[in-house]
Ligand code: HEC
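Heads up, the chain below is alone and in the form predicted on its own; it's given as structure tokens.
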């Protein structure tokens, strides 16, 4: 009986390890985007001209450039993107950037 449980746990662990991490990151990126970015950039990345927040869907920026913008900011940008977003870790920024690249 113990050996069946051990084998079952091993199989479950192997299956979990083989799941694509990208889909998990995209899901996390979607929820992070919703909480950190959608207020200004819109739920679908359409932007909000009234607050001068540009559209993000269809951006020419790469995933790495977006993540860099989120974590480090750019002096030439207006707040809050003139510096990194508070409380966003590098891994989270990459997940948000990957989600942004899915917006069409």
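Residue numbers count along the first chain shown, from 1. Since the structure is predicted, the reported quantities are computational estimates derived from the model, not experimental observations.
One more form of this protein exists, namely the form predicted together with the ligand; it is left out here, but the text below deals with it.
**Q** Please check if residue 95 has a heavy atom lying within 4.5 Å of any heavy atom of the ligand in the model of the complex.
**A** No, residue 95 sits far enough from the ligand in the model of the complex that none of its heavy atoms falls within 4.5 Å.
**Q** According to a 4.5 angstroms non-hydrogen atom cut-off, is residue 37 in contact with the ligand in the model of the complex?
**A** Residue 37: contacts the ligand in the model of the complex.
**Q** Contact with the ligand in the model of the complex for residue 77, defined as at least one heavy atom pair within 4.5 Å: yes or no?
**A** So residue 77 counts as contacting the ligand.
**Q** Hey, in the model of the complex, does residue 103 get a heavy atom within 4.5 angstroms of the ligand?
**A** Because no heavy atom of residue 103 falls inside 4.5 Å of the ligand in the model of the complex, the answer is no.
**Q** Could you list the residues in 52-73 that come within 4.5 Å of the ligand in the model of the complex, counting only heavy atoms and keeping sequence order?
**A** Contacting residues: 52, 53, 54, 56, 61, 66, 69, 70.
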